[in-house]
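One chain comes next, on its own, written as structure tokens: the form predicted alone.
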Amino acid sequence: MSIAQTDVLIVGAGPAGLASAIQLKRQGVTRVTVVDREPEAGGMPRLCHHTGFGVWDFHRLYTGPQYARRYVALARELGVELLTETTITGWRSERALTFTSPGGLGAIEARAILLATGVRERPRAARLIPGYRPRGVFTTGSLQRFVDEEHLPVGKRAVIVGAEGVSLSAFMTLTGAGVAVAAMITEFPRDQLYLPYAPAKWWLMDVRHPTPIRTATRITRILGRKRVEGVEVESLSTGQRQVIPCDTVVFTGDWIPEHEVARKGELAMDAGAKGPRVDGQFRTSAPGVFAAGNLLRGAETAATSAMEGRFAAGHIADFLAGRAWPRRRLPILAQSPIIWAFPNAISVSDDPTRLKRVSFRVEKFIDDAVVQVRQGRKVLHEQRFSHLLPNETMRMKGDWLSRVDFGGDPPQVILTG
């Protein structure tokens, strides 16, 4: 087995990984290696052939592939080593990963590691939807590969399961391929196509391709043996069931982080976010191992992931320069209906002045809510929100982090009203 050496090994060549690699090179780190199991670098955006990328990080409007190519080009210009078709298989030591590639087996030893492996959508099987296994069932990612990479025909009439930002992406892929969308369905009482998606929703789904959104509705069965013939749906308010004829079903959202490498490294994981716990400097529980991007908690925008990768790079550079790894840290716990908080750990060496906001998400619509942060019986923070929205990142003030007692219980983020 060949063993290579590098300063920083980044697992994942999506926006978070590439943005971090670029920033590390700009900060003078000599050897930066990015590995990805896909045949091309760029991550999920390279499959999204619609526009909407690049506004926040490049101040230009790109399609997904253009956005991905811009990051790849910048990385190559700065001398980042990009290894595609390279799958991480395990941990050789605390800062060395083994891999397999077309060139064979190997290992890479690094002074620091950044995990930026992203997310995936749960497929139909993981959602336990009854029915046979006919052709015509996709996730958004598999649909976009089928249409935009393989240039294969999909069908004529589709139903989209989900009504959030990625669902709109699936809608654009379908209509761009000439597929009519019979309905978009969601179990929530409202769709989640609020800003920044509302203008696109109005133009695409109300004006150009009028499409109903069936709220408080769940899919109960997929019909058809060889090919999808329809879906049976149920109203959650009345219990009434109905069949929607279609030959294509696209399951969107319901994200789960690609956390296999993190779990193999026995990193501390967050039960709600399903990704590794990180503090405000993107440090995991393992010395020298960082994590950023959608691996941490499911899907945020590409720009958010890129900015996290960029911020993580600064802390990685500090670590390479000799900054000590914290010996003490506490998890930050979230209590249902709050799903996760970010950061979800706090270390003694965190600088609260740099953590001006703490992000969190909820699992349902909640109006007139009060979110508290408690440590034992002590209330560290309390903030009122007129609306809490699912599939939308909410933000609270972060000044309470400076009041955490590291000799006490883990802080908890809870809903009180």
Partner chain sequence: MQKIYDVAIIGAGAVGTAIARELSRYRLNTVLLEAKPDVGMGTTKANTAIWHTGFDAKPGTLEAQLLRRSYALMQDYVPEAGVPTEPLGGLLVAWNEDQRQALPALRDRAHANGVTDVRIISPEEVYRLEPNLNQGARGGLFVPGESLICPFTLPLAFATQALLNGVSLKLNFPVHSVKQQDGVTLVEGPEETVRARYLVNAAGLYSDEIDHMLGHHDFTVTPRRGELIVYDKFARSLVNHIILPVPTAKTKGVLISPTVYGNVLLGPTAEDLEDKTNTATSEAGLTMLLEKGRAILPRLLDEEVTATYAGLRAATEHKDYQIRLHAEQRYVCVGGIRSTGVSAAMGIAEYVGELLAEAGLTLTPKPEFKTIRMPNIGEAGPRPYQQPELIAQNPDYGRMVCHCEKVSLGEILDAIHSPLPARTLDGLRRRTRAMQGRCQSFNCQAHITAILAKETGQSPRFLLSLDAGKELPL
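Positions refer to the first chain, counted from 1. Remember, it's a predicted structure, so these values are computed and weren't measured experimentally.
We do not show the form predicted together with the partner chain, though everything after this point is about it.
Residue contact check for Phe138: one or more of its heavy atoms lie within 4.5 Å of the partner chain in the predicted complex.
When the partner chain is considered in the predicted complex, Lys226 lines it closely, a heavy atom lying within 4.5 Å. The closest heavy atom approach of Thr100 to the partner chain in the predicted complex falls within 4.5 Å. Proximity of Arg95 to the partner chain in the predicted complex falls outside the 4.5 Å heavy atom cutoff. Of the candidate stretches 142-150, 310-318, 341-349, 73-81, only 142-150 has residues whose heavy atoms lie within 4.5 Å of the partner chain in the predicted complex. Not one of Ala268, Phe360 and Arg403 comes within 4.5 Å of the partner chain in the predicted complex, counting any heavy atom. Proximity to the partner chain in the predicted complex, defined as a heavy atom within 4.5 Å, singles out one entry of Arg133, His209, Arg323, Arg190, which is Arg133. Among the residues His381, Arg37, Arg31, Arg69, the one placing a heavy atom within 4.5 Å of the partner chain in the predicted complex is Arg37. Counting a residue when any of its non-hydrogen atoms is within 4.5 Å of the partner chain in the predicted complex, the hits in 245-261 run Pro245, Cys246, Asp247, Ile256, Glu258, His259, Glu260.
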